[in-house]
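Quick setup: one chain, the form predicted on its own, written in structure tokens, and binding and motion questions come after.
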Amino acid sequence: MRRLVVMVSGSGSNLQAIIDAQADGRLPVEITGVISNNADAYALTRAANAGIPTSVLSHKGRKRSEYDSELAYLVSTIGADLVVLAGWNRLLSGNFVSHHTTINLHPAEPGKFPGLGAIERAFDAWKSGEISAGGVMVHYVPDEGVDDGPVIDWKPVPFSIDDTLETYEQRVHTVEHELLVDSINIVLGQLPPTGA
């Protein structure tokens, strides 16, 4: 069975979508660990409730290259065929991504609103008439670029005329949960067989 390590920084609703998909058979994986750079992340509670081992590795006061090397070593000790960034709010360097196949979920369509605050920036752009839809994408993380790796899959999230930031954000999260699970299945189907 393929092994996932999920890296999180916040509440973990996307982690919960992975856990739920694993439990109901839509995602045939073993979640070998959840890592956070934030000891207060509620995602850690979600993982613990599901019986998944957790690790906290704070980046505060650390050089990025040294932190990412330690993070890569931690993932290696846990064991992973795929690393999933599900609300991981930190840019990874080559010291990490050169060691592990890594994918990232980003709440915008390809090429739009990279970095933090993408949902709010998309909503503001819609309000000012610049765009008619937002989106969600899952992409590979091959290097230190910000939300610009090769796209695995993406879906538009149209705006409704009476949208508030909260209603739009809720629809984005609903699409995120579905797209992330589908994209993990796509990637696992493309990886070489275990032991190859």
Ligand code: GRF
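Because the structure is predicted, anything quoted here is derived from the model rather than measured. A residue's number is simply how far along the shown sequence it sits, counting from 1.
One more form of this protein should be noted, the form predicted in complex with the named molecule, which is absent from this view; the next part is about it.
For the three residues A72, S93 and P142, a heavy atom within 4.5 Å of the named molecule turns up in the predicted complex in no case. Contact annotation for A86: at least one heavy atom lies within 4.5 Å of the named molecule in the predicted complex.
Using a 4.5 Å cutoff between non-hydrogen atoms, I103 does not count as a contact of the named molecule in the predicted complex. Within this chain, A80 is remote from the site of the named molecule in the predicted complex, having no heavy atom within 4.5 Å.
Proximity of I119 to the named molecule in the predicted complex falls within the 4.5 Å heavy atom cutoff. Put simply, of S13, Q22, T174, N185 only one has a heavy atom within 4.5 Å of the named molecule in the predicted complex, and it is S13.
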